[in-house]
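Only one chain is given next, in structure tokens, and it is the form predicted on its own.
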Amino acid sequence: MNGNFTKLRGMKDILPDEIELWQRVEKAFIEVCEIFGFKEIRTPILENKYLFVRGIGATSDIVMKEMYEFKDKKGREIALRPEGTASVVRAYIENKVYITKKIARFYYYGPMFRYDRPQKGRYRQFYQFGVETFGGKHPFFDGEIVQILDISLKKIGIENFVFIVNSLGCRICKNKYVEQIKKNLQEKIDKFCEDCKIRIEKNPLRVFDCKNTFCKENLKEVPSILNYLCDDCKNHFDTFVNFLLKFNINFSINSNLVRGLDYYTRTVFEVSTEKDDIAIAGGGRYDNLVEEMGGPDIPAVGFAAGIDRIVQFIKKEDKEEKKPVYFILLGNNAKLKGLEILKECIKEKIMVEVDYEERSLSDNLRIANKIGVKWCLILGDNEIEKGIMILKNMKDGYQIEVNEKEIIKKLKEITKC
């Protein structure tokens, strides 16, 4: 067996130098969500495969081509979650949250999995931050989640992004439109790619997801879904748009936007960066999904943001990174004494790093230089005998002797700088 292991294609290691950006994104989303009254929910990474077949749609590209699915030891068909909404809906129904909460607001974040072609900002294991609101039918609930996303992205530092919005209408509007465009597309079916020929027959709205240039060109003369909206759906969309205008949210309307999941009704949206035209988030309303998955008739709306894509657009902040005090403990007596100091440091939340291996002072100092610490605490038998500890400034080279009774106070002082 070859021992030279490498990560699988489409997977990514997130190393400590980069994780700061991820934590900044997650922190910003969490802070904004909690201001709006959202609570965190965590669902399993593994689910029954048919949860996603039913939730996302059997004819969607995700289910047909991209799911990581397998049979477990008991022969059950299992899938790694390709998105978060279906799992949250399942948890909402299974735990009967609707009994105690008229309006339930959740946020979640974590890894998702799709067997997709890896490219810039797209991995087979990717990370999403999502929100879901259950029980709200009014279009202001749609506006609220767009507002949360808008505030979060600005807080993170994303610039020049735009919300692309559309309405798919209710079941009746959607079905009428699907019947019409199916006839329209069948008349020129030979001009579409092989995948789209199948989509035209099974689920014509999926044609709008195709990235093929020729398919896109042939969609230009397709009628707009906005012309097929009933009065209720039109009023819903107009009210949603007015909410966006009220809060000065940058948006444009694109009647070809359908999103890649079959459960959407009425409002759908994506967020793209104006410079790179990359979708970094998307979402919409799914008023029928809870009922279709065995729950009561409860409307819902949500979004998911791609953390992998968002971190591409933010820079590491130009601030001095907080470094630990590096403990150099020379000999067994120093190690035992060092543990007492370490215990107090933990209590006082003083950042420290300790290497317990037997090394010379010069070797320890070389390591400290290499990892870029500012201060070293040096303790050996001579220092123990004198009741002192040495603090060495690695940047300037000077060092000071500190009485062991005063060391915690001094460590707190130097680590604040």
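Numbers follow the displayed sequence, beginning with 1. Just so it is clear, the structure is predicted and the values come from calculations on it, not from any experiment.
Below, we refer to the form predicted in complex with a small molecule, which is not included among the displayed structures.
Q: Let me know the one among L80, A281, C173, L329 whose heavy atoms come within 4.5 Å of the small molecule in the predicted complex, would you?
A: Spelling it out, the residue with a heavy atom inside the cut-off is A281.
Q: Taking the small molecule in the predicted complex as the reference, which of Y123, F106, F163, F240 has a non-hydrogen atom within 4.5 Å?
A: Of Y123, F106, F163, F240, the residue with a heavy atom within 4.5 Å of the small molecule in the predicted complex is Y123.
Q: Go through 226 to 234, 246 to 254, 174 to 182, 115 to 123 and give me the stretch that gets within 4.5 Å of the small molecule in the predicted complex, heavy atoms only.
A: This holds for exactly one stretch, 115 to 123.
Q: Contact between T133 and the small molecule in the predicted complex at 4.5 Å, heavy atoms?
A: Looking in the predicted complex, residue contacts with the small molecule do not include T133, since no heavy atom lies within 4.5 Å.
Q: Any of the heavy atoms of R90 lying within 4.5 Å of the small molecule in the predicted complex?
A: Contact with the small molecule, no.
Q: Using a 4.5 angstroms cut-off on non-hydrogen atoms, would R309 count as touching the small molecule in the predicted complex?
A: R309: yes, in contact with the small molecule in the predicted complex.
Q: Quick one: does V207 come within 4.5 Å of the small molecule in the predicted complex, counting heavy atoms only?
A: No, V207 sits far enough from the small molecule in the predicted complex that none of its heavy atoms falls within 4.5 Å.
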